[in-house]
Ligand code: NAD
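Next up: just one chain, as structure tokens, the form predicted alone.
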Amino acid sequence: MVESFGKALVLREWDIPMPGPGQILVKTEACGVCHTDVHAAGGDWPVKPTLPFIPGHEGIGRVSAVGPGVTLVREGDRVGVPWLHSACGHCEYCLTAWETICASEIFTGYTVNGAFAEYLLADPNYVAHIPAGLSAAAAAPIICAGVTSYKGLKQTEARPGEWVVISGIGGLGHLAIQYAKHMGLNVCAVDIEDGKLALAKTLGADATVNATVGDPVAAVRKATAGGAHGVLITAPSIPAFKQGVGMTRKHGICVLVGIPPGDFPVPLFEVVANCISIRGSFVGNREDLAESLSFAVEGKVKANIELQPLSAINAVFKRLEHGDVPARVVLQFQ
């Protein structure tokens, strides 16, 4: 748990919570580690969690108890507890499947305790139902990194046969390539490390560009015959965001997913003159989550994972801060 922002997480004995009306208790089997957890522990964002708190929003486990009034899940069901813990359910955003921007939204591992614990409470209306045949460790990254990259690709509105750029081939990017290929898209992968670009090739990328070599914008525009119809920026890098707009074809859509510190330098003339759209994309709704899991259970999308015990969390955080995690770390509780 986080007791002080910017300090090491501490291991504590914690009372097992009891589910109240409309709540379920989940016994954690695995939980992915996301860069958002690092931001939460550092108190990096304008709206900060209330200390102390337990991070973790890629939790997979079995329902061990249900509170009064719960009918959607039963004891023994395997569920995923994602970033969106709950929303109001009746505002204009919830009613149009944009619950992820509900003004009353609650976030797992941020505004309520998360899955870096053996037990956690969840809202049965917002958990993911994990398909049979998908292990807890394999499912964990899908309910955040997977759905976030999948939703971002949908937001590009790129059609089969068109080009997308995926900038940043890390935890999100390596999944985005797999989703994009099974969506019928041509993929140009962009990163600053040749090793990650080699991985992109093995995952099906049609072209790769090292952003540290020459003019990456020109290289992408050449590879995609004038720029990508859609650009998905997962890299938490201001230069990547600036380059992403330049890599976007006229009348294309540039989707921002990564959240680096600082302001986004928008080239206004280029955006206006080329009729480029810039969109933010924030995780995905419950339908997106179910769809992203269906790709995984069919074997079309698979996260590269590294298993670690909960006790290694501070070392994992340091590696994330230094970009030393090739894909996704999953904490295993069994």
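In this text, residue numbers run from 1 along the sequence as written. Bear in mind the structure is a predicted one, so any value in this text is a computation, not a measurement.
Same protein, other form: the form predicted together with the named molecule, not shown, and the subject of what follows.
The stretch among 266 to 274, 64 to 72, 297 to 305, 38 to 46 whose residues place heavy atoms within 4.5 Å of the named molecule in the predicted bound form is 38 to 46. At a distance of at most 4.5 angstroms from the named molecule in the predicted bound form, all three residues 170, 192 and 259 contribute at least one non-hydrogen atom.
The contact residue chosen from 211, 245, 136, 79 relative to the named molecule in the predicted bound form is 211, the criterion being a non-hydrogen atom within 4.5 angstroms. Residue in contact with the named molecule in the predicted bound form (any heavy atom within 4.5 Å), chosen from 224, 156, 108, 148: 148. Looking at residue 144, you'd find a heavy atom of it within 4.5 angstroms of the named molecule in the predicted bound form. Among residues of the shown chain, residue 34 is one whose heavy atoms approach the named molecule to within 4.5 Å in the predicted bound form. The named molecule is not drawn, but in the predicted bound form it has no heavy atom within 4.5 Å of residue 285. Put simply, residue 327 is close to the named molecule in the predicted bound form: some heavy atom of it is within 4.5 Å.
Of the residues in 217 to 250, those that come within 4.5 Å of the named molecule in the predicted bound form through at least one heavy atom are, in sequence order, 234, 235, 236, 237, 240.
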